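One chain comes next, on its own, written out as structure tokens in the form predicted alone.
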């Protein structure tokens, strides 16, 4: 059986509510998952939650709840958020689930038996906020630590360590031999720069129960729980094991944010090597969003609430803006005027207007009956379809949307060039009007297919307005000529109602 295409997001930490960055990452992964399905592949898409660790324990204590109750309440919010975004995920992992905990413990036991861990006493500094140990190198010139670490305390405690250093040269060689393993290439170069200029320190994989009890107990020492990052990364394999009949591992793409590259591109490959498992094929790293050129911040009120945007403008408008505005890799800048401008120009006046006037004219001039096939726009449609397929295979979502809008713009220009409302006044031009109406209706159909991974709701509406009952979810259907002569279309209705802004 052929391998299932396996794509994951990072799992989100449940110490708060989802925001724009979470929505963006999930939508990227969803579009890639939908596009791979539309290319005919079997796909498994995983997202979920990271529920252990000190921050969760502290947040639960602050609310006077036990940590599991606290996680259960937030998990319901995050699952509702995934539904709000119309994600097509096949599973939703929670690291408090027995299937995950059992796999983590089995993995820890195996690695311990194979001699990958040792116990040592640590003396140094610890940031509870970032759940990480700090060294003298992390101090600022004045001897303090960066404010992003929150309160830093001095600690002396025993812990278990994973021998990373022994694998450092192997990892450098592996990344150099696999140019697509970390994308975009500048993130790969950053990781290689880090590995070539730093000696890899061993990774502390435990926390004493005396300090933190909200975690997965080490199977070989009940006085300790597993470090939250070791537990979290293993979710990609624990879920692959839970669905082992699908042949998921290795993952094809891990979609992650730039802040957690080290965990995924340094720790995770070494963990997998120790586990005797193949590495994921790609770690795809996206950037961060700003708003109005400044850091998004709850405390300053500089935020974008994805749910509020979706409630006002529609899910597809939100999906379109984040994918079209920002390529996967660099940082982006959300502005409300920029959002409104893309909505008006590209969705309402571009795509929406094209579909509405094309189908309205077919209704008005031919009672909604599709004329005989004509090929004026066939080459333009084929170019858009070929380019879109090629970009989707490379997970170049912004470029794919630009190719699709090439056809939107060409079809709108075609209306202006052919002036069907003038042709309709001249009975001698009936054949030419038939040709024009076919080209416009068929372009709308092709666009519905190409848009399906990006704007699934809009795509389905276009098909319904065309009176087509099948789903526009296979890119093979973007071939010109799919609308049969004599077919009767449905009722046109605005796809993106214009808003007074």
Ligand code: MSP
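Please read these numbers as outputs of a predicted model, since none were measured by experiment. Positions refer to the first chain, counted from 1.
The same protein also has a form predicted together with the ligand, omitted here; what follows describes it.
For the residues 483, 489, 478, 11, the 4.5 Å heavy atom test against the ligand in the predicted bound form is passed only by 11. Residue-level contacts in the predicted bound form: of 229, 162, 320, 126, one residue has a heavy atom within 4.5 Å of the ligand, and it is 229.
Judged by heavy atoms within 4.5 Å of the ligand in the predicted bound form, the contact stretch among the candidates 197-205, 183-191, 284-292, 391-399 is 284-292. Contact annotation for the candidate site: 314, 346 and 461 all lie away from the ligand in the predicted bound form (no heavy atom within 4.5 Å). Of the heavy atoms in residue 264, some are within 4.5 Å of the ligand in the predicted bound form. At a distance threshold of 4.5 angstroms between non-hydrogen atoms, residue 260 is in contact with the ligand in the predicted bound form. Interface membership of residue 134, defined by any non-hydrogen atom within 4.5 Å of the ligand in the predicted bound form, is ruled out. In the predicted bound form, at least one heavy atom of residue 256 sits within 4.5 Å of a heavy atom of the ligand.
Taking a 4.5 Å heavy atom cutoff to the ligand in the predicted bound form, the contacting residues in 220-246 are 229, 232, 233, 235, 236.
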